[in-house]
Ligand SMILES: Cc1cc2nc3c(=O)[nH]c(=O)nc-3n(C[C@H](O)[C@H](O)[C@H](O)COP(=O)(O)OP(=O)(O)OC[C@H]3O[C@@H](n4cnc5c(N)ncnc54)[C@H](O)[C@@H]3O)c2cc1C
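In structure tokens, the next block holds one chain alone, the form predicted alone.
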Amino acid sequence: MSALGDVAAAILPPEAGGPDPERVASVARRMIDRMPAVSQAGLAAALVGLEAYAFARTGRRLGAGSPQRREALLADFARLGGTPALDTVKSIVLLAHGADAYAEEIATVGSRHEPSRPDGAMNLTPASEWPSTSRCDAIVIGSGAGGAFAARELARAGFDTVIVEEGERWTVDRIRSSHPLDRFASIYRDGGTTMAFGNPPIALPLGRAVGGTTVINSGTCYRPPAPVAKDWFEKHGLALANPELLGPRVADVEATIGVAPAPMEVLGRNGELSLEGAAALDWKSSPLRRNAPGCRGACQCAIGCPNNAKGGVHLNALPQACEAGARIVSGLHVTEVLVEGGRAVGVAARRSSGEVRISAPLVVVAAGAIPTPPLLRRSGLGRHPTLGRNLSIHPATGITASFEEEVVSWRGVMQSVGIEELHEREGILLEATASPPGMGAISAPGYGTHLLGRLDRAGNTATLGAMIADAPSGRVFGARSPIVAYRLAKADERRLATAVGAMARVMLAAGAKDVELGGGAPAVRDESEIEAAVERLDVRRLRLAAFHPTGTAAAGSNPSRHPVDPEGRLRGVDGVWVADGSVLPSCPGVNPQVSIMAVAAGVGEAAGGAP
């Protein structure tokens, strides 16, 4: 705690108006306690490294020096190669401070209106109340985008279906009454600390709740791009992407989750500025299509919508599955898919009070592109040479732009506007994306007084993000738990640099005073400065994140290339199917939830009709 307080004092010096560092450390501890042991160890190592460096340079703890001295030590530590460690600690400090400072506003905004709809009616049993042994016709592992739609189709086909979910249920009342940092730390897997390790490391946040990542995603809904779907069908032999089947399934998904363009009246100034900048450049742009009927612009999608406005599957597909007879057990971790004589016979799972066994001749794995390969390996089903490979993650970054006018980016839709000028030609999609109040501070550059100045001007700051259609440059290792490795391809580094320049052009065209690019590049104040600034940009110093892992159990017609067959069966075993983002054989190039849902519905139909 004292080391975390020292670093908090250096990053946000209280002498210059920053928060009480011990208060920040105390709030951060609530998040750290929910991290896995390996993440806690990494954080401890980073803190020890910072304190050791300060002591070696000054003979005192980091917190003992003046604000100027503390800031200089942080800058020197970063220049000597300590940026990844420092960024890790800085993210936790800023997230804890921002979430706590704005907790009252988040609660007030979230409870201003009655919910747009009630919680979904589900036949849900907590793991503590589930019998130690049970039997059914079909088990679906995971309740997110893929699992919900596969389970719905199985239940409608008459299968007694049990959905096993590791996370908990978050009702609208629970969301409204919880501290924003507790929401973040609890709904995200591993307290939000999942990383793709490489140079640079990339944050890869994953949801863990009834409804999966759809509970905390942006709500953005793109149809599978026609060239991508054609490639899946013709090049990879993915029968699930047959246009005669995929089109109707996409239409059903959109109707189920309530897809429509984001309405202008709740878009917010952050989105409006992106539209204005794109229009000034004559670039193609529009409000994004989202599954958020009744959106009130609370900008809390990333920590659970307090209005039940965003149509995560916990509000539609899962209740529909339960209406057809499916049951959900929450808080239960599947340790193994059980196989006897080359055929699935059920799953073994773990809860706090001991082991659970559920028997069934059909198992659908829909744990997600990161957890699915380790689960199959633990089950003795991970022998295919490409399982865990072929990982795409849509690397993403963002910029911040200062305006004379008040923007207040967190008043409006969290992800509001899409700019597609560079999408088809260069695989770059720009999306105006804000963060919940106070929680976007983690992307602010610098330390000390410079950083505090940026935070003081947060109300006049607009944000714009970009993601790229990346090469399958990653791999998921491990069996007990996933270890994600990702090597950013050179072509994708160039795409990211191009994206940063494009975002700066949009914001300057919208009237920004200056734009912070990140990556060691100077801020720009005029379009004529962009090219030179981008040339100085070090992509590996950008703050990168990724949100859409796909491809790690690719489905297709080539047995040597695709671990999963064209309809979703796992090769080499009877009765095991895969229905999550891992089966998409190449990067979708857009926010993939509609693609995953439509393909998973096809898997459910195929599994339900299989002999």
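Quick note: we count residues from 1 along the sequence shown, nothing fancier. Keep in mind that what you see is a predicted model, and the values were worked out from it rather than measured.
Keep in mind that the form predicted together with this ligand is missing from the display, and what follows is about it.
The partner is absent here, but in the predicted bound form a heavy atom of Gly146, alone among Gly271, Gly388, Pro395, Gly146, sits within 4.5 Å of this ligand.
The listed set Glu516, Glu276, Glu166, Glu71 contains one residue whose heavy atoms approach this ligand in the predicted bound form to within 4.5 Å, identified as Glu166. At the 4.5 Å threshold, heavy atoms of Gly568 stay clear of this ligand in the predicted bound form, well away from it. At least one heavy atom of Ser218 is located within 4.5 Å of this ligand in the predicted bound form. Contact annotation for Phe159: none of its heavy atoms lies within 4.5 Å of this ligand in the predicted bound form. For the chain shown alone, Pro371 is a contact residue for this ligand in the predicted bound form, at least one non-hydrogen atom being within 4.5 angstroms.
The chain is drawn here without this ligand; in the predicted bound form, the stretch among 545-553, 559-567, 23-31, 41-49 whose residues come within 4.5 Å of it by any heavy atom is 545-553. Taking a 4.5 Å heavy atom cutoff to this ligand in the predicted bound form, the contacting residues in 562-593 are Asp580, Gly581, Asn591, Pro592, Gln593.
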